[in-house]
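A lone chain, given as structure tokens: the form predicted on its own.
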């Protein structure tokens, strides 16, 4: 097994123990799992949680030469989005990814480029179950030079399901802690039928009584590891359902958790376009207006902010009064209004902060620099020369995945065209 990068997450830290949480408040449960909350004073320990991602597939159903987990979405590999979704969850201490030997170096490059932390790599098997088994072995503390600790609960998730949210992960982990195994489910979209040997309908299942098994799934580690140690070669070669192994070999009936619609799996080429659309929509949900004025000053930027709020009811529009905090909250869209200063000083300041934050490593950041021009007092040629600076800025910052646009606006006749231009740039 290879660990990458060195010095990633180690053994889970001590915290409160999670006991019998049936439908408990999610925030309180998350606090327990992350080692915070009132229970910490009692000196109990939270369950150590790890995740295993089988990522050895060839992408045969997608019909492309690149395995689907490495296919780019917004120029970033799909698996990186899934890793990011798991890394956001503070109480997941280790993530083990099983990849083929030929893709090991490519996976290391992805981890390094997108600064993923606490990721360990193992070589995948020839089937999904064998890949998962290899990941579990790496967590079982029986491998030489292994830095990982055996968790109490392990999550198994697909590398090509990038939209999993913390609340679903928390629900399956909490249920697994109580029942031994748990998995997300969704209603069937189509009726399942069984054909006869001659290709005719034999029988169909009543759709309302059945569910589609999805990911994530979670297990007490000792349960699923024992199941894999006992399962037959037939199961390892042809099986796909981990919950079934826990039932068949350990007699554990998994608790089924209703999952959200975002748990779908990127399987076909068209799914890549759907995933890109979802990602674009998500990162367009917040716009920050940055202006070179104090909050209580009369400023055209305040008027612009109000206009955006009125026009974009589904988008959070905020003022950049605390830029550091807004960047930490991962806002990816900025409108920078330059009125009081020349030479786009406010824009340059914002660009410097964004580059230092490395925010654009994961997603493109859009910056729209707006320069207002009083056509009655300032020569047009003078302002056009200043505006040309934006082109040079844009060339440089594009190298760091920051997309800079410049708008020169005449006032007072500015409102009609400006709002449409900003909306088009942010949502394009």
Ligand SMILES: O=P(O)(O)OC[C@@H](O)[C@@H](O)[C@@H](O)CO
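Remember, predicted model here, so these are calculated numbers, not experimental data. Numbering follows the first chain given and starts at 1.
Omitted from view is the form predicted together with the ligand, to which the following refers.
Only one of the listed residues (318, 213, 338, 103) places a non-hydrogen atom within 4.5 angstroms of the ligand in the model of the complex, and that residue is 213. When the ligand is considered in the model of the complex, only one residue from 235, 152, 346, 158 comes within 4.5 Å through any heavy atom, namely 158. Mapping the unseen interface onto this chain, residue 241 counts among the residues with a heavy atom inside 4.5 Å of the ligand in the model of the complex. Mapping the unseen interface onto this chain, residue 217 counts among the residues with a heavy atom inside 4.5 Å of the ligand in the model of the complex. The shortest heavy atom separation between residue 128 and the ligand in the model of the complex is within 4.5 Å. Although the partner is absent from this view, residue 282 stays clear of the ligand in the model of the complex, with no non-hydrogen atom inside 4.5 angstroms. Stretch-level contact check against the ligand in the model of the complex with heavy atoms at 4.5 Å: of 329-337, 190-198, 305-313, 158-166, the positive one is 158-166. Of all the residues from 247-271, the single one having a non-hydrogen atom no more than 4.5 Å from the ligand in the model of the complex is 265.
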